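Given as structure tokens, the chain that follows is alone and in the form predicted alone.
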């Protein structure tokens, strides 16, 4: 049995690299992501439409699907007490069935705010075959001690 990591702020330093996450994309990956986000646009499930009308090689991951993959990558690393505060990303290319997307990340900030909440900044990339498809920056709250839990913060104590 595997237990989820319980990462705390003191265990993280600027420059830390997150483990890479490779994932082989299938048509099912693309379609289920579009379905889950209620994105009925045909370029995410109809190959003929994607190729003939959009001029791309196949159906491709939609924006909410990519956002979910970034969130998964980050929270798999932080464990259940890591809490996403903010995330921005820029899509520069499409991800298609048959691609192996690879997520990589590097910590670029480790701080505590005035309320005692611990924060990390992480630069994340999604690449296919070494070609950058999407860049992302996230700010996550981490426990500062084993007894701390960012999920218990609200109101003035939660300022992502």
Partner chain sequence: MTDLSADIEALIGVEQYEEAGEFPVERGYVWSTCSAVENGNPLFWDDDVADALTGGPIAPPTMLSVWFRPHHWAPGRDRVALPLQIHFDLKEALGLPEAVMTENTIVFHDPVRPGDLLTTRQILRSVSPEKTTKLGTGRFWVIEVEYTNQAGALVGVESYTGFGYRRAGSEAGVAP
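Positions refer to the first chain, counted from 1. As the structure is a prediction and not an experimental result, all values here were calculated from the model.
The form predicted together with its partner chain is left out here; the points below concern that form.
- Interface residue among 118, 97, 121, 33, judged by heavy atoms within 4.5 Å of its partner chain in the predicted bound form: 33.
- Taking a 4.5 Å heavy atom cutoff to its partner chain in the predicted bound form, the contact residue among 51, 27, 68, 132 is 68.
- Here the chain stands alone, but in the predicted bound form its contact with its partner chain, taken as any heavy atom within 4.5 Å, falls in 88-96 among 51-59, 107-115, 124-132, 88-96.
- Taking the partner from the other structure, its partner chain in the predicted bound form has no heavy atom within 4.5 Å of any heavy atom of residue 145.
- Although the partner is absent here, residue 46 is not a contact residue: none of its heavy atoms lies within 4.5 angstroms of its partner chain in the predicted bound form.
- Contacts of stretch 7-41 with its partner chain in the predicted bound form, defined by any heavy atom lying within 4.5 Å, are made by 23, 32, 33, 35, 36, 37, 38, 39, 40, listed in sequence order.
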